[in-house]
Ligand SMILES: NC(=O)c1ccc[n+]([C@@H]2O[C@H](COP(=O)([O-])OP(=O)(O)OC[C@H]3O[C@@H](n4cnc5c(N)ncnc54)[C@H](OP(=O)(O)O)[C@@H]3O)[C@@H](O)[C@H]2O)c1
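What follows is a single chain, given as structure tokens, in the form predicted alone.
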């Protein structure tokens, strides 16, 4: 913690360092004078040298393998848990996210690490119209049950508390908004859009017929949304690794907000305002589109604002995001376009 003497030569173990936050985080750890060694583990191949990471040691492994987790965290001063499956089969995600995360939490407690840093999500608050806005950390998690990503994020915060109860491990929990940036394209590559107007319900098709020409169309319920740059999330995580401030929960979001129409504009697509997007209309739409169940759930949640207050992160951690919402949204789109993941006519493979 900040009032204690510095802890030079920290050994940091990281699960999921190859994801949308992971690479930016490893690069931030590389710059930290307090960090001596970084151990990373994820399921995909990764060469730290290809990113100029001299502190990082990497092994392939699975969070479902408790023995592999035990080896990873053995002797680590700080454990950072980033591994999480966002899109995919609900049952598979439950096994990886809940069982895998519990393995990490319990192994950290058994290893006697000083700190555990966990990336939760704004989704842990749940998408409830009754939530007071802006959302503050003391509201606590109350995930939306029919949106498994939200429900699992909320459940895991309880699992974390249970796993560390009676130990001296300090826990930092971050609840970032949507994460963006040039190497974080999930917002763009997973946003549901209308590519073929003839496939959608007539009530929506009537709106689409007003457009001057065909092309990708995003439906916009007008809900304000937040985004945060991966580099800014990485900065917050490093502060926790170094023991800045006090343990606890912190909201992370850039200055400003955006809507789905702003995203469509950056993509060069079109948007249709649908201020009264009814649940039954949404359900009819997603059944006819080639969207995964998790993407369908995101359409539902886009109707409920989950704008957060980030004062605590700024005041307690001294966190100052360097990118606002507009810049982050633009960087996200430009990165996805540069990687060939999305074009003016839609997503690659769609």
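Predicted, not measured: the structure shown is a model, and the values here were computed from it. Residue numbers count along the first chain shown, from 1.
Beyond the structure shown, there is the form predicted in complex with this ligand, which is absent from this document and is the topic of what follows.
**Student:** Only one of 260-268, 137-145, 116-124, 160-168 gets a heavy atom within 4.5 Å of this ligand in the predicted complex; which is it?
**Tutor:** Stretch with heavy atoms near the partner: 116-124.
**Student:** Do residue 38 and this ligand come within 4.5 Å of each other in the predicted complex, heavy atoms counted?
**Tutor:** No.
**Student:** Do residue 42 and this ligand come within 4.5 Å of each other in the predicted complex, heavy atoms counted?
**Tutor:** Close contact exists here: in the predicted complex, residue 42 approaches this ligand to within 4.5 Å, heavy atoms only.
**Student:** How about residue 62: is it within 4.5 Å of this ligand in the predicted complex, going by heavy atoms?
**Tutor:** Yes - in the predicted complex, heavy atoms of residue 62 and this ligand come within 4.5 Å of each other.
**Student:** Classify residue 181 as contacting or not contacting this ligand in the predicted complex by the rule of any non-hydrogen atom within 4.5 angstroms, answering yes or no.
**Tutor:** No, no contact at 4.5 Å.
**Student:** Among 86, 244, 111, 272, which has any heavy atom within 4.5 Å of this ligand in the predicted complex?
**Tutor:** It is 86.
**Student:** Need the contact residues for 17-55: heavy atom within 4.5 Å of this ligand in the predicted complex, sequence order, or none if there are none.
**Tutor:** Stretch hits, in order: 17, 18, 19, 20, 21, 22, 41, 42, 43, 44.
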